[in-house]
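Just the one chain here, the form predicted alone, laid out as structure tokens.
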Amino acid sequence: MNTFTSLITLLIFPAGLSLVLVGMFYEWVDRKLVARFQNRVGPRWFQPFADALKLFAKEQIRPAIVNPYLFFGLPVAALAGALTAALYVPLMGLSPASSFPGDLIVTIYLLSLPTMCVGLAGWNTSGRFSLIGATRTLTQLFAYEAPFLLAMLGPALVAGSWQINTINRFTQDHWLILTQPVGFIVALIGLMGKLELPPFDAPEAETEIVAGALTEYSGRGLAMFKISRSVELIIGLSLVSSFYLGGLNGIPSFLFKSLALLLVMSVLQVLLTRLRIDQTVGLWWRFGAILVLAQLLVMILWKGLAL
């Protein structure tokens, strides 16, 4: 019975298939909100699901000059990394499927795996648009990864643990957005950078480089990359909600807090124009990391004075 329950948890609920479906639903909510803010109708509720089914039904065309193992393996690795990271996060406000001391660091680096796979996928092809997109993807990765990691470490230091489940229990009595507002802002903007949402969409700028690093991808490979990004969206919203918005202690709590964050992200997408890749690296790396480091220093000094 325990084995059967574990399989259900990993494959269907709260991880696996349900996570993919919820991720695509949140993708639709984001697209719908952005469309309404821009005075457009936007897609219907089934559009992300229809797109995924259409891509899985299509043939995956492989360019002539690529490493076939990397070409077919990178989408699988990207999706596997995102789904594995979901095991340690309180998805839907429920207890994580797995938990161990230090799983926060493992989860953050697993969330970087889809982006690295996208960058390698672009480098693996010979198309100029793919190469430019890969360069931008990996460059932007270095710009937001350090500030995002530092923003996640603030709540961990206050809770005295590197375990996500422990931090979630601690923050249920502490709204850290009030005591660490800089960390919350940096975490939210860093999440938008990880997902390459406007204004951080230079790596896949449609008006400049078609589809960036994924220009040569089609069929199930492209579908798996898109699904991994939807899964990453849910995990990122869960982490930020859990750490800064009073923790997650049930499905209603998860829905309310994650959708509120998604609304803020949609507003920012509409208000801000695309940043050049040099602007993203120059501004975000310098000010984002410095601000979070300053906040961490204040926290350490305050804790030392309190002792």
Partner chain sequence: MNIEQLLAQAEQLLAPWNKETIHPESNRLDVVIIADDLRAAVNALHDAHWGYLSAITGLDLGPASAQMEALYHFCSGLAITSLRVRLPHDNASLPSIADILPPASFFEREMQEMLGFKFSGLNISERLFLPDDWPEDVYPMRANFTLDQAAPVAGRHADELPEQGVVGGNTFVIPIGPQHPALKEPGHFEFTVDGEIVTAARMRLGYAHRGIEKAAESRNWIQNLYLFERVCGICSHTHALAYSLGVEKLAQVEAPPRAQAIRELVAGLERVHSHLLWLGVAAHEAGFDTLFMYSWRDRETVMNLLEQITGNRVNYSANLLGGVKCDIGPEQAKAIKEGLNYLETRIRHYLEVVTTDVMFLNRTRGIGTISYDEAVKFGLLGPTARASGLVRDVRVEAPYGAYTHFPVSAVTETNGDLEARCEVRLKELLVSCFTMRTIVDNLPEGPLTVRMPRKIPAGETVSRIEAPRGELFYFIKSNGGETPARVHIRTPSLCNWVSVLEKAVGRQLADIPMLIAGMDPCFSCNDRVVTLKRPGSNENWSWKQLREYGIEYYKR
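Positions refer to the first chain, counted from 1. Being a predicted model, the structure only gives us computed values, none of them experimental.
Same protein, other form: the form predicted in complex with its partner chain, not shown, and the subject of what follows.
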Exercise for review: Please pick, from 149, 210, 120, 176, the one residue with any non-hydrogen atom lying within 4.5 angstroms of its partner chain in the model of the complex.
Suggested key: 210
Exercise for review: From the candidate stretches 149-157, 127-135, 71-79, 104-112, select the single one in contact with its partner chain in the model of the complex, where contact means a heavy atom within 4.5 Å.
Suggested key: 127-135
Point to revise | in the model of the complex, residue 276 touching its partner chain (heavy atom, 4.5 Å) | key: yes
Exercise for review: With heavy atoms only and a cut-off of 4.5 Å, decide whether residue 270 touches its partner chain in the model of the complex.
Suggested key: yes
Exercise for review: Although its partner chain is absent from this view, report whether residue 62 comes within 4.5 Å of it in the model of the complex, heavy atoms only.
Suggested key: no
Exercise for review: Could you confirm whether residue 37 comes within 4.5 Å of its partner chain in the model of the complex, counting heavy atoms only?
Suggested key: yes
